[in-house]
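Only one chain comes next, encoded as structure tokens, the form predicted on its own.
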């Protein structure tokens, strides 16, 4: 597959650019090469527990300078969704301050107590307490509708796979007896539309690069965007070969992009 017709790159973060607090070898150089060639980029992540400012600082600490406007997290897109479709609504957050920061920046009001919330917003919460879980439960029992930044079951951490938002969702759904109404994260059309809007390009001129068949590759498939699966995260080559709807390309890591940009043949 040639990259001559690709002007926009939709790049995942966890498992693609970094694992935990460490940049994946070759990621920094590939991003720099894309920028030097004038390619447009957006970093599209299912992370909903951090803000764009926090993500920007994390990337900077790895020596990767990405403008905040090129970063799209599910916390960002969730906030925009509530702003556009439910203006003036009050939200209760099951998650850390990064999500709250994005909601406040979008003008979403935070309820003073769970019983007043119209929406319960669920994201990854790595320091979850029983009290916080119970407050979320009370929000739903008192009429709050549920919106989740994503519903991934796990993500690649520093020392292996870690439980993701799916675990938080399951606890609330099982006890409050109410299903999630909206899931923002990849592979939803909401994330694809947000990414294409930032790039200002049609799907045919873009490429999705990510480590997840279920989120990154499916997002591209549904939106008519070509895809490249990297094996630096949770997926294996066997997963790609046996998938009902596999990627257009399979790379060992984002470093493979450098060979393609220099005109060498990639690995399928």
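Numbering follows the first chain given and starts at 1. What you are looking at is a predicted structure, and each value in this text was computed from that prediction instead of being measured.
Keep in mind the form predicted together with a further copy of the same chain is missing from the figure; the text below concerns it.
A.B. asks: Identify, from the list 145, 125, 86, 80, the residue with a heavy atom within 4.5 Å of a further copy of the same chain in the predicted bound form.
C.D. replies: Of the candidates 145, 125, 86, 80, 125 is the one lying within 4.5 Å of a further copy of the same chain in the predicted bound form.
A.B. asks: Which of 111, 104, 180, 171 has a heavy atom within 4.5 Å of a further copy of the same chain in the predicted bound form?
C.D. replies: Residue within 4.5 Å of the partner: 171.
A.B. asks: Looking in the predicted bound form, is a further copy of the same chain within 4.5 Å of a heavy atom from each of 162, 166 and 175?
C.D. replies: Checking in the predicted bound form: 162, 166 and 175 are all within 4.5 Å of a further copy of the same chain.
A.B. asks: In the predicted bound form, does residue 100 have a heavy atom within 4.5 Å of a further copy of the same chain?
C.D. replies: No, residue 100 is distant from the partner.
A.B. asks: Is there a heavy atom of residue 155 lying 4.5 Å or less from a heavy atom of a further copy of the same chain in the predicted bound form?
C.D. replies: Result yes; residue 155 sits at the interface with a further copy of the same chain in the predicted bound form.
A.B. asks: Can you tell me whether residue 197 touches a further copy of the same chain? I mean in the predicted bound form, with a 4.5 angstroms heavy atom cut-off.
C.D. replies: Taking the distances in the predicted bound form, the answer for residue 197 is no, it never comes within 4.5 Å of a further copy of the same chain.
A.B. asks: Does at least one non-hydrogen atom of residue 190 fall within 4.5 angstroms of a further copy of the same chain in the predicted bound form?
C.D. replies: Because no heavy atom of residue 190 falls inside 4.5 Å of a further copy of the same chain in the predicted bound form, the answer is no.
A.B. asks: With the partner left out here, which residues of 134 to 158 have a non-hydrogen atom within 4.5 Å of a further copy of the same chain in the predicted bound form?
C.D. replies: Those in contact are 134, 137, 138, 141, 153, 154, 155.
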